[in-house]
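We begin with a single chain expressed as structure tokens, specifically the form predicted on its own.
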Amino acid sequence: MATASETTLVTTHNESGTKWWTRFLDPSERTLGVLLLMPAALLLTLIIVYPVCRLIWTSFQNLSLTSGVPATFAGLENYSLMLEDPVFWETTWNTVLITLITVPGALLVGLALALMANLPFNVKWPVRLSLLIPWALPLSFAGLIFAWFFHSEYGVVNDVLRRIGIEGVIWFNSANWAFAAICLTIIWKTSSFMALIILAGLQTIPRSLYEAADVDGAGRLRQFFEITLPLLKPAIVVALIFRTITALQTFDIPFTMTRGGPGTSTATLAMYIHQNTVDFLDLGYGSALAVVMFALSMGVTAVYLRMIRAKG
């Protein structure tokens, strides 16, 4: 005959076993969320976290594939060399300047294109398809096209200038003109991306708001500033985040148009990283430069996210 204490122990054991199996077969929402997110977390760790950690570790090493010497720990030597490197400062400034010029420029052009594409056309798909074509073109292809456009002898731009009585410009022999040509190309290439995101935001604005504004006597300009622009802020911030990060990583268009010339006046930080890692095979210094670019991208993203949180 079992005692009361033995019965209590058996019951407790059975309840705990049943509870474990029940939790496994019928998990809570939190447990189910963890299980479903675990494959994605492992994949992100494999393709993002590990390479970033490896990059940071390599930046603290002297690792040059041309020297034939094994990698040695160098501490902050690569970063101290970076601070004394004038090319690093020039390419970083070029990258920041391209970002400051092309991101607002692409936003303004993209906003205008999105507003035009949102007009009540009878057939809308050709208009919206035209927004997708510039973004669908490969970056290097766009750079080659505009390098031909801005060619000093047989380029389209100089031909148009001569036809209206203005002397043509030797675009790629001057640092300022070459930089302007690159910025114009980037704005043309990326404004369609901004337009597509803003157009998606325009589609979410209820027409009833504009109808009520018409009843109240509000004009088109006031409707834009009082209704359209405030409701487009989330879409604009998302577009700015993506566009700013890609602007800080600009490589293809300057590389195909000028190769960074004349001199290094149009070279970007990404091009300098490519030169050190691919051309010179100096993986230690190139990794340190890449860490700086990564920190810039994360810093800009943090600023945008903080703005979103503050507005929220």
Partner chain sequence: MTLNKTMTLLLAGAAVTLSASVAMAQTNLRVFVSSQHRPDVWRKAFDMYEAKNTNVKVTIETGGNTSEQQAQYLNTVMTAKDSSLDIMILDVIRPAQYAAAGWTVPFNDVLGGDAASAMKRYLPAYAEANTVDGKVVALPAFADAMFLYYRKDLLEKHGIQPPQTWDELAAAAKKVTEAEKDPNLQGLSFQGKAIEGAVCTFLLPYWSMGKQLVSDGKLSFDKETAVKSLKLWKDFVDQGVAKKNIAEVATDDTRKEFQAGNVLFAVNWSYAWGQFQGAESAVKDKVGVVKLPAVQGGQPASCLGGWEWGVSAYSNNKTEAQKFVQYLSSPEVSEFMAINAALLPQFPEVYTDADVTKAVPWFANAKPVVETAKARPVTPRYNEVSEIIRTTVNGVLAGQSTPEEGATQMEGRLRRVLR
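Residue numbers count along the first chain shown, from 1. From a predicted model like this one, the values you see are computed outputs, not experimental measurements.
As for the form predicted in complex with its partner chain, it is not shown, yet the points below apply to it.
When contacts are judged by a 4.5 Å heavy atom cut-off, residue 129 does not count as touching its partner chain in the model of the complex. A residue is said to contact a partner when one of its heavy atoms sits within 4.5 Å of a partner heavy atom; residue 54 fails this definition for its partner chain in the model of the complex, lying far away. Although the partner is absent here, residue 153 lies within 4.5 Å of its partner chain in the model of the complex, judged by heavy atoms. Using a 4.5 Å cutoff between non-hydrogen atoms, residue 170 counts as a contact of its partner chain in the model of the complex. Note that among 187-195, 118-126, 145-153, 204-212, the stretch whose heavy atoms approach its partner chain to within 4.5 Å in the model of the complex is 145-153. Proximity to its partner chain in the model of the complex, defined as a heavy atom within 4.5 Å, singles out one entry of 230, 104, 219, 86, which is 86. Put simply, of 278, 43, 32, 49 only one has a heavy atom within 4.5 Å of its partner chain in the model of the complex, and it is 278. Contact residues in stretch 55-70 (any heavy atom within 4.5 Å of its partner chain, taken in the model of the complex) are 65, 66, 68.
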